[in-house]
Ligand SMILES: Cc1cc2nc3c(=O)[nH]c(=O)nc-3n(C[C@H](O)[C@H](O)[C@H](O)COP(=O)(O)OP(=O)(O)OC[C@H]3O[C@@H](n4cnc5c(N)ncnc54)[C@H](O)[C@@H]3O)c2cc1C
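Here we start with a single chain on its own, the form predicted on its own, put down as structure tokens.
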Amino acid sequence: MFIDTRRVDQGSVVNCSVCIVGGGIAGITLAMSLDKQNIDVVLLESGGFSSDEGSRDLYRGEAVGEYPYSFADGCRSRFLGGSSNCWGGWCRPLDPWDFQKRDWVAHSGWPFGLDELLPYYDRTHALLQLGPNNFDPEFWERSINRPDVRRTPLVSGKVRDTISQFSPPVRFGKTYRQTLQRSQHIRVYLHANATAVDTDQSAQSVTRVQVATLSGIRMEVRAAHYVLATGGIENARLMLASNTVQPNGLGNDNDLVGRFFMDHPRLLAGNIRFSRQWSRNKLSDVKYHYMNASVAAHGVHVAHQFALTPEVLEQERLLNARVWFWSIFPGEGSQGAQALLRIKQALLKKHQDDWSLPADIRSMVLHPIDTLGYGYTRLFRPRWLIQGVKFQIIVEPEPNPDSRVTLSPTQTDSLGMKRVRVEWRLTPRVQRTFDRTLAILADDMRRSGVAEVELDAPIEGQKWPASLEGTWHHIGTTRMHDSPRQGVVDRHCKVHGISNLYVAGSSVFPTAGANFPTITLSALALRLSDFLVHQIRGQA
């Protein structure tokens, strides 16, 4: 059932068993799972069924720090479905060592290992519309069975190849809209912004969530259990802003809420000249991955990446990373090419703020050579037109308490809430991981006769290049740890010291792995659902 909060009575009080704040991937996954157990759920969604400027503005804030960082417009979507509306669909579980304590990685280690999440990863495949629960590169190479889609034979044993699958991608607000509408146990309040989470005077139990609309309606939700599922930045913001009883915010006795903010840094680097026999191979080139029929089997498209083995990571004391090839097409980066890419994203139903089809058609008409060159090469991919090949590398960020989300001391939004200040910081180990991962892979490619590689100058100890960018994966601000001195939530995603407040989403990740958080946050949401069912049934 959907309810427009702008039409409820002023001062209404809504009661339920579980109140979920946030209608994105984690929130909707959790609500639908609880619905199957006949549990009464209220799901609060800030936006409506589509984007609007008023709701979008609530995400905006200040980016501070040593390099530019975008985290609002174009990076997240504040309407039903959340960031699934602008998600690319990449899916791969974390590696086993991502869960482990690594003595060379500060603040690493989860409270449990990969085995704990395996049954929940399996359940995500139906939810995210993925293929078989198999990420073995040999299985996919054999299944695709094309001479131009082959694994690269590297000889050193230092580099392993990995597979990711693509969700269509599932837009949760559209794909599961009818499920939410028909549910007898889920009430979805649209245009419902949580402005505060209130507790009793001991701050040991949440008593209500205050809700406001941009039109001025105020109401509250009272529940037995509360789950924050508003994303890696907004989860921390709401906890910090809920400071009526605890001046530093909820769950923040040890000054951890908002700290350890992580995103995956990404760079294009180097120049690759393939030997003749490998110049047409599509498997490891990202330009041939997304929705390309050549790199697909079992009803799903896949992508291939390189990574270092866990033994090399330990020996070199590196973070995890993923690398693939990036062919440069004629006209790449031009206005015409960018217009073509936006139209492709629109066909994939990816939300793009303020996108205009007429404007993009005009750009293509005004830049015909760039548009035709890029479009023809992207469609038919003749190698003789490709102007070069680079590495694209995405590195695991090292948990850093000085990388953080705080509240702005001066800026407020239209609801009167303090806006966020986001300071994204990366450690020197991230730079070293960029350099050494590419150096080891490049050496292996030369020794294996696959390609000659020219690497860029090392970046370790230098200023970050201007081309550095994040991947819009907001992680770590309410990190999980068994000790309240080292984490905001425990292994069950319950906030330390508060009996009935939980957090869902990638903000609970203690470490980020080497990309693709969506499948893991979905698995964690399913796991949290099972735990809540046990708690509720145990109280009955």
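Not measured: the values here are computed from a predicted model. A residue's number is simply how far along the shown sequence it sits, counting from 1.
Below, we refer to the form predicted in complex with the named molecule, which is not included among the displayed structures.
In the predicted bound form, at least one heavy atom of Ser83 sits within 4.5 Å of the named molecule. Taking the partner from elsewhere, Cys75 is found to have a heavy atom lying within 4.5 Å of the named molecule in the predicted bound form. Mapping the unseen interface onto this chain, Phe49 falls outside it, with no heavy atom inside 4.5 Å of the named molecule in the predicted bound form. Within 4.5 Å of any heavy atom of the named molecule in the predicted bound form lies no heavy atom of Phe391.
The stretch among 61 to 69, 25 to 33, 493 to 501, 477 to 485 whose residues place heavy atoms within 4.5 Å of the named molecule in the predicted bound form is 25 to 33. The contact residue chosen from Gly88, Pro465, Pro310, Pro132 relative to the named molecule in the predicted bound form is Gly88, the criterion being a non-hydrogen atom within 4.5 angstroms. Contacts of stretch 185 to 205 with the named molecule in the predicted bound form, defined by any heavy atom lying within 4.5 Å, are made by Ala192, Asn193, Ala194, listed in sequence order.
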